[in-house]
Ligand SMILES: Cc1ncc(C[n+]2csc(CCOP(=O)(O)OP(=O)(O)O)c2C)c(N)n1
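Given as structure tokens, the chain that follows is alone and in the form predicted alone.
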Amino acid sequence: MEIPEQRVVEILKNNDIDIAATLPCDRIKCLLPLINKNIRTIPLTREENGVGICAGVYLGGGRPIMVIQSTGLGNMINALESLNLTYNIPLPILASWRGVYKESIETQWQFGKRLPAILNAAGIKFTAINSAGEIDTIDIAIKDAFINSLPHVILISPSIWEGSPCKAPEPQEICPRLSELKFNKEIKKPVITRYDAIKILAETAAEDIIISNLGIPSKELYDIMDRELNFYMLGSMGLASSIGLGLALVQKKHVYVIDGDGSLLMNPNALTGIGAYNPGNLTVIAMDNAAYGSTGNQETCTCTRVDLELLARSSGIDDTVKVHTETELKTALLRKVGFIHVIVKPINMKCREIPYSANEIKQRFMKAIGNCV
């Protein structure tokens, strides 16, 4: 008898999947460790963060897949709409379909039974697999995602795994270690603007990659120095650093991410992922103006309490620095520090609109780093 978990892994390998971003589900507790043994696996802390990481992997020339519980799709809808569907970025998603088949957990019922209608309404293609005899349909769905450059959700009924001889491994104990943090930094009155900081970055980046956060930061970068190695985000707030992580994991160029206090606070999981995988070719430049600059300068909690550099350190990013001047920033960029906390004035430059469509941004970016689209 063919073991269904092994057949799924064979399909992934036959489709040249090289990174699997995963979150656990009891129904796929035997599939996940098997994937981990055969394919580079990125365990996630939140599904939406995985959408950004997988987008970065694809932009960098990789072929990613997400393997999650179906409930996580509720956390991903906006990212799939504003990133994958807008930029035409493929993403096959294996989703363990809860709430429908022999489901004893009442809180799974409502979302699970409505999920096909939700995906239909969102314009997200999906395939439902209800028996082990339909497993090969996974192959068709994965190919469809990459051929048509769109997300494709594969809803897998728990019935597929019934009777499988696969056993889940025993849990590993926590790794004994010493956690120590010494942090004493001063946040001074800002003396430079974000525009000033981005200009220094653009002059320093040379042939390296720049991922720019949505809204005014992208417009400022475009105004200062438009280049094909700039990836301008037009939406998906909170995912700039996640995309940067995915890119850094699959290619050799150094990746600079222009991020902000508002977006990092919206998705601190991005910092957790960076701290866990610690790519040496990634620099997150946290432009902290203590405001949501693109929506009217509403105050963020970095204004009085939260220190983003401390947040990065506590997330496992060891190489960090806080800068206030142009000279300090240039020194940190030349050293390629992992996380640069830049204190900037809450000033937005009036810049022209970026004239490219999302798909045009993606296409020219991928060509610039040597990937076909």
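A residue's number is simply how far along the shown sequence it sits, counting from 1. Nothing here was measured: the structure is a model prediction, and the numbers come from that model.
Here the subject shifts to the form predicted together with this ligand, a form of this protein not shown in this document.
Distance criterion of 4.5 Å from any heavy atom to this ligand in the predicted complex singles out T295 from the list T204, N130, S164, T295. Contact with this ligand in the predicted complex, judged by any heavy atom within 4.5 Å, is made by just one of N78, S159, N278, N148: N78.
Comparing 248-256, 207-215, 223-231, 164-172 against this ligand in the predicted complex, the single stretch with non-hydrogen atoms within 4.5 angstroms of it is 207-215. Contact check for G273: every heavy atom lies farther than 4.5 Å from this ligand in the predicted complex.
Under a 4.5 angstroms non-hydrogen atom cutoff, this ligand in the predicted complex has M266 among its neighbouring residues. Mapping the unseen interface onto this chain, L85 falls outside it, with no heavy atom inside 4.5 Å of this ligand in the predicted complex. Although the partner is absent here, P92 lies well away from this ligand in the predicted complex, with no heavy atom inside 4.5 Å. Contact with this ligand in the predicted complex, defined as a heavy atom within 4.5 Å, is made by all three of R194, M237 and N289.
Contacts of stretch 259-276 with this ligand in the predicted complex, defined by any heavy atom lying within 4.5 Å, are made by G260, D261, G262, S263, M266, listed in sequence order.
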